[in-house]
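What follows is a pair of forms of the same protein chain, given separately as structure tokens and numbered structure 1 and structure 2.
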Structure 1
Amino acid sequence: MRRRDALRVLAGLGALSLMPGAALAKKADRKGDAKSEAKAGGREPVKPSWREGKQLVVVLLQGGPDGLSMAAPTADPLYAVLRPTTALTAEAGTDLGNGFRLHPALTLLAPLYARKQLAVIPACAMPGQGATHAAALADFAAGAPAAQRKGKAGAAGWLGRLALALGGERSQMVVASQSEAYDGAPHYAMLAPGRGESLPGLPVEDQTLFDAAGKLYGQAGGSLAKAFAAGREARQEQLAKLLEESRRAAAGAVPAPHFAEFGPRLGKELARRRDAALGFVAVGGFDTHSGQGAAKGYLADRLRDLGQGLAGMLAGLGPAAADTVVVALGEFGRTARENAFGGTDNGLGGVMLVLGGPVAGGRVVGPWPGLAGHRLAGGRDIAAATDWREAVAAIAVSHLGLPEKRIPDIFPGLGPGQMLGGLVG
């Protein structure tokens, strides 16, 4: 309690609450930014609307996890066609209803689904968002695609704007990763995830087999041998690029294997910090361009990490979980078709998980556009059937107490009251 009081004091002084070792030296002059931002929104600063004790925690699954694996549409006949080596079978994992199955590695979340404390939103993305990690992360942080970002409002992050709208200058937040999403927030406490298990590299195709084949093609000689050698070299270059991209995509985030053990600690901290309306953590390791696997494999391991971390976080929250909503989503989803390396590439629609006591869960929420070619965005990606911002807006309004009319201040482009109804009870 003493520490909490100390934090409040610091907050009142306009300084930042700091955790040892993870100092985020944000300056006090942010206050000025915040005020001018509120004015730039064309509104007088309104009185704090936050329902005290209510919390929203955003878990950014950095790299963009594969929605078709997290909640697999196994009933769709095109699923296995698009995913020859990465599809789950119709028996794997837990039945979510509506033709979806929860990945078996997320089995720790299955009891939450049964208790209706987990909602699964497939085909979830922000329409018009960027297609590269950097662009998509920037769009995620801004809460609007680049084309809709204007003026000063666009400079701050959506969590920052939400913090101001909820609690004004006194607004508190607990963060465990750096992100522009909470730029503009008056105060936040950084919880250092510390050192832990690091992220393993993506598996690559069987080089022994390629070597053996390469030798045989070499012996065969002729144009075929030349073509094979050239093809293999090009393939290796392409793979190296993808692996490098995957590695970068996890930068700055808590490695998924570490999140498995960090989740409970984060949960406990969030339980202590009921003065914080918002929490944020980024988890890395979902940019599976190669060797993704199916029920078992690289992605399964990362999803198991995630399931452990999320379940542990809720356990760590304890009774406070009844007042906490956790959302987990990527900066984007992945391609409908798997790629040439047994992986998936950067796509659009992904899966958003919404967990916690207040969630009206136990169901698949939102429309499912389907996997047919004429249903895919650009003929390759899962379409954005549900805008994640509408889900977050619903939580901000129904759970945290944000006035409906303020939704456009948080998410430029959304209208007042534009939100996914019925998501939280």
Structure 2
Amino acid sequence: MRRRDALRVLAGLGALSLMPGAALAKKADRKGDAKSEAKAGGREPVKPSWREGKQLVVVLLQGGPDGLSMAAPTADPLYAVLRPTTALTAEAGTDLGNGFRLHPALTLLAPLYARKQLAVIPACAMPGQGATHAAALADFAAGAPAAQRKGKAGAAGWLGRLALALGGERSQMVVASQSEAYDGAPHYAMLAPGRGESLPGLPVEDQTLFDAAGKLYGQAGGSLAKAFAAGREARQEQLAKLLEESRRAAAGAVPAPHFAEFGPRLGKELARRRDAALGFVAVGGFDTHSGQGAAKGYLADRLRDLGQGLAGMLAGLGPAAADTVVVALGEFGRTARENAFGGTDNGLGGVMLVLGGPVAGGRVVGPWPGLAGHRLAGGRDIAAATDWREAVAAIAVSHLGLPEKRIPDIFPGLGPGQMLGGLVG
């Protein structure tokens, strides 16, 4: 069994707490790899630049949460048109300004917004990224779309490259999920989330009407009955595929219901490990192809889990939250228009949350492309108005101490100094 498979099994059993053994094993493997890679690329060993005590925690919302629900553009007249059953009302949740409302299930984060410790970035994505979960997760891990991962660029994960750039061979990370995003990191310690509440299945549509219509058409017989039966069968097959996709999209991540409980524990560990510049955890349960709901329902429950987990993490960090920036984002967003199953499908632009003591928050950051058909990417997705990498690059430079010239080393395709300014104080 490979080490990664063993870690996944042990983590699922809750048999791991903190794994210095795994970290040491990883250290032994990666130290040589990193040096070899540097030599092969003709580069000098990396000079550490990390500002000690400063920390960045990445929370990957696996499945791609619906940005139009997290931060709803209720002032856009097309919003309710595109979302007949999943739109929030103009009175729901917290007013973020600029025509946006924070989903009411994220109410635990509202005080952070009021204290200007939470920034909300709508229409956020990496241009050119993959449209499937597997492709988008691979692009996220590499920190670049496939077209920009040529040669050695993007060979390791972007968090691994950032760890090396910040701390050299002594860099430390705390992780709670397996991900290729931190491949190449010389040292990491895994905090296993252990057992907890599992992820419920997506709601499926009520079959009562279909059963009644099927009986009616069946009694009529003929070609109409056959056409209805064939159409219903095709619809059920499509729904089954989407439900299976949603289940697989959460694989390897901490189930959102468990993250609500695990967040404070992760925060305490991050507070204890101030020698770690970076943290990572993946949270699953946001691939809502069916029965998504609006202010209440399946997605609202997952967002409530997320809000509890994030607020709990900051509470667990305690005073260390003043030196910690947390970013939460999906591998992509969802379609602007809801689908026939009362859900939303894989899209492009989503929402990125940036929270913590150093954040210059209390505002919606970045442009909003709008929901008009000609403004949508491919006529269906929220366009990528802000590249999430530019937000992370700004945090890495302004908060962690990464030299601006190193940005292209972390994110292939970005230029030196290409970052979203003013995000952290």
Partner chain sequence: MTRTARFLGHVAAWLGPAGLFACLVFAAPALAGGTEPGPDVVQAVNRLTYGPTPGLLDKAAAMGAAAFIDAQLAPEPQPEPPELERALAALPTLHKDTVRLFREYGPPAEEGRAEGPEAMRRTFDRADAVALEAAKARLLRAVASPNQLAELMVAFWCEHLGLGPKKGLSHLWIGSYEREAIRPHALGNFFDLLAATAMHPAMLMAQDNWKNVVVREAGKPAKDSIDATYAAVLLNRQTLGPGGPQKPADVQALARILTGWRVGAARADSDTGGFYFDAERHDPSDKTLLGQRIKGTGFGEGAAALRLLVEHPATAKNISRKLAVYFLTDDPPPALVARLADTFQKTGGDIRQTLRALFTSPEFQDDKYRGGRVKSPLRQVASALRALGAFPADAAGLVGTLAALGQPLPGDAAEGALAPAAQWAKAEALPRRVSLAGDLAAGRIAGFPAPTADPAALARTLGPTLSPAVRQAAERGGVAVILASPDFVRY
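Reference numbering: structure 1, starting with residue 1. Owing to the predicted nature of the structure, the values given are computational and were not obtained by experimental measurement. Under this definition, the rigid core comprises the largest set of C-alpha atoms superposing within 1.5 Å between the forms.
> Given structures 1 and 2, which represents the form predicted in complex with the partner chain?
Replying inline: Answer is structure 1, the other one does not fit.
> Does Ala225 count as moved between structures 1 and 2, where moved means a C-alpha shift of 2 angstroms or more after fitting the rigid core?
Replying inline: Yes, Ala225 moves 2 Å or more.
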